[in-house]
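Quick setup: one chain, the form predicted on its own, written in structure tokens, and binding and motion questions come after.
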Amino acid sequence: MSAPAGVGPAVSLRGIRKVFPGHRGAEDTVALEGVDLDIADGEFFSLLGPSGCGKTTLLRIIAGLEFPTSGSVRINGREVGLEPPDRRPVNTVFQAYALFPHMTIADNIAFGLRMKRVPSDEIRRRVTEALELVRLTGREDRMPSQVSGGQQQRVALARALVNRPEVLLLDEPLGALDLKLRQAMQLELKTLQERVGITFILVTHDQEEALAMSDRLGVMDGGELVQVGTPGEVYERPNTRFVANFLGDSNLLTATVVDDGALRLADGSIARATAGRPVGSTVTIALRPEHLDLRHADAPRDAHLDAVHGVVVKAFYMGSAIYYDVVLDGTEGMLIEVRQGNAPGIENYGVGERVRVRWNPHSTTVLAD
């Protein structure tokens, strides 16, 4: 899965397979299977997926903390698949910041440079630049315990960036922060990446985090990279049931191909979408709840919109939006969720009302599986 056109890859992975041997007669565990991926120079790329999908293992292989069972790892064109971490032009920031509690913030940031025997004057200059970069100037003499969790996270970032890596790896770096601080740090992290201009690779299970910060993201499932694209591409056009359900919420409806460009739904209505399958084939379509709206069942039809009919069985008032569960006609209790913005002039619907659920045909995604 290639980097954006015209931009050379900072990281190139080919055929990455990782098998962890079983112990005491247990079966081997295949953590990664056939991962191909290019990440562009200067790109903010996120690896997204549930626990156990292989995303952290893949990051550790890029970092040199794990070696692939087979496959190639290149960083800016150089094969590094069997090189140890200290010979790779990367640094890693972990969820546990691993700051030295007995050292000042400045000494924490300088630690890696001292290990490399960088001259003292150069260390002072680069530490000062790193403190300015993460907006911690004036706090260099404090101990880690004397600053907030968000500031500790910035110290960990500064300690990694002061080494001037070609690629910065981030393993759930915001996971230990509370929701409000995590959201604030997402913006800071993206702004920081744009300022330094180097490649960031983030591992996260938080969908909103990946959508908010990434130039592109890759969704992983069962050790495989199942879809790569911009946040908009992956969210609006998921290619599998897993992606449709993992990244946001989706209504999955079964349909039958009538002809090229038309699908028949369970209630007999027609959805306008091209499936690329033979007539008579059964396919699954995905519809995002926020792409749907409601009208009374007997309201005039809009020829530009597709629609199905059903009965409201639940209505949830959520302040900025109202969530409805609608049982569709022609099904045995199949529900479709509608998330309708709450604004002046928007009509509300009660439990038991017959409604028409409508959407723009461009919102229909036919899933590959």
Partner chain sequence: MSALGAATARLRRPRPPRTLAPTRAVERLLAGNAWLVFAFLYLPIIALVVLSFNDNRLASVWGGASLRWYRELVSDAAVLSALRNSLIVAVASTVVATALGTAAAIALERFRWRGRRTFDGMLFLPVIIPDVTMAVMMLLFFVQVFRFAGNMLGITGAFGLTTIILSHVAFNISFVAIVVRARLAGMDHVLEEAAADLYASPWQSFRHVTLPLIAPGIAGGALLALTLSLDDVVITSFVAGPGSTTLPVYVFSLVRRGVTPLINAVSVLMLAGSMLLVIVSLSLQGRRTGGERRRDGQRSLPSA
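Here the rigid core means the biggest group of C-alpha atoms that line up within 1.5 Å when the two forms are laid on top of each other. All values reported here derive from a predicted model rather than from experimental measurement. Positions refer to the first chain, counted from 1.
Below: the form predicted in complex with its partner chain, not depicted.
- The closest heavy atom approach of residue 222 to its partner chain in the model of the complex falls outside 4.5 Å.
- Looking at residue 339, you'd find every heavy atom of it more than 4.5 angstroms from its partner chain in the model of the complex.
- None of the heavy atoms of residue 258 is located within 4.5 Å of its partner chain in the model of the complex.
- At a distance threshold of 4.5 angstroms between non-hydrogen atoms, residue 328 is out of contact with its partner chain in the model of the complex.
- Contact with its partner chain in the model of the complex, judged by any heavy atom within 4.5 Å, is made by just one of 294, 185, 226, 90: 90.
- None of 276, 197, 101, 77 but one reaches within 4.5 angstroms of its partner chain in the model of the complex through a heavy atom, and that residue is 101.
- Annotated contacts: 205, 301 and 361 are all free of its partner chain in the model of the complex [non-hydrogen atom within 4.5 angstroms].
- Exactly one of the stretches 265 to 273, 228 to 236, 136 to 144, 243 to 251 approaches its partner chain in the model of the complex with heavy atoms within 4.5 Å, and it is 136 to 144.
- Residues of 217 to 254 that come within 4.5 Å of its partner chain in the model of the complex, judged by any heavy atom, do not exist; none qualify.
- Annotation for residue 108: C-alpha shift of 2 angstroms or more between this form and the one not shown, rigid core superposed.
- Core-superposed comparison between this form and the one not shown: the C-alpha position of residue 293 differs by less than 2 Å.
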